[in-house]
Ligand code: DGL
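One chain is shown next in structure tokens, namely the form predicted on its own.
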């Protein structure tokens, strides 16, 4: 089975893309809803919580785990890969969402200016600044946005106001940004708001002309979610690692786990995944 770990619901947007790209791959999804959100926690907490989740998925028979949470990928992934896997799980692998996204997004920009919206912890880590090579990157931290999405208030006036503020910060910092990454797996649920404030002509946003030699070529701003990128990169990874691929079950089974006891979680999760999700509770705390 393939394991997918997230701090809460956000990884379901990545899982949905994985299921669309690799429908026969069996998956176990684990959301640490009891301790979410991770975005404002310390590095030590994020590392330990992520390690708890990865270990649980390994225990359940997953030889490969995707850390779908950007915060966990930024703050914990490298340490787990370098220190924990060699010592405890030398035959297993853990992949994140930041590197494959960074590799792809550079090819999408015409101006060479990329914006990244992410949690405060992801921004503080500098992970996207390190991984995105060949472009000017402007990051904007989005405190409070994950909490609104997790609580089902992604269409609220409060969410609209936050996104408007974050977009204004980005454009003030770099008006040449033409490719914008939603660097948190929760943010696709508020993508219409980011589109509204970054692409809507009613807001008098400039349509960018790239270079004096572009013959007036116009470039539209694009807002990018990660799911499809990660799913495509995963398919490529499995094709290049047949020894690991053969250990991933292909019966198409699905399991959804959460660390929180709440009858309303399944209905909230279904908004992220796009169809019904039924969670089972598990305890992963050390």
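Positions refer to the first chain, counted from 1. All figures in this text were calculated on a predicted structure; none of them were measured in a lab.
The same protein has a further form, the form predicted in complex with D-glutamic acid, not shown here; the description that follows concerns it.
Colleague: To verify the annotation, which of these, 94, 180, 184, 76, has a non-hydrogen atom within 4.5 Å of D-glutamic acid in the predicted bound form?
Modeller: When D-glutamic acid is considered in the predicted bound form, the option within 4.5 Å is 184.
Colleague: Taking D-glutamic acid in the predicted bound form as the reference, which of 132, 146, 167, 114 has a non-hydrogen atom within 4.5 Å?
Modeller: By the 4.5 Å heavy-atom cutoff, the listed residue in contact is 146.
Colleague: In the predicted bound form, does residue 37 have a heavy atom within 4.5 Å of D-glutamic acid?
Modeller: Yes, contact at 4.5 Å.
Colleague: Please pick out the stretch from 62 to 70, 231 to 239, 244 to 252, 48 to 56 that is in contact with D-glutamic acid in the predicted bound form, where contact means heavy atoms within 4.5 Å.
Modeller: Looking at the other structure, the answer is 62 to 70.
Colleague: Within 250 to 271, which residues come within 4.5 Å of D-glutamic acid in the predicted bound form, counting heavy atoms only?
Modeller: Heavy-atom contacts to D-glutamic acid in the predicted bound form: nothing from 250 to 271.
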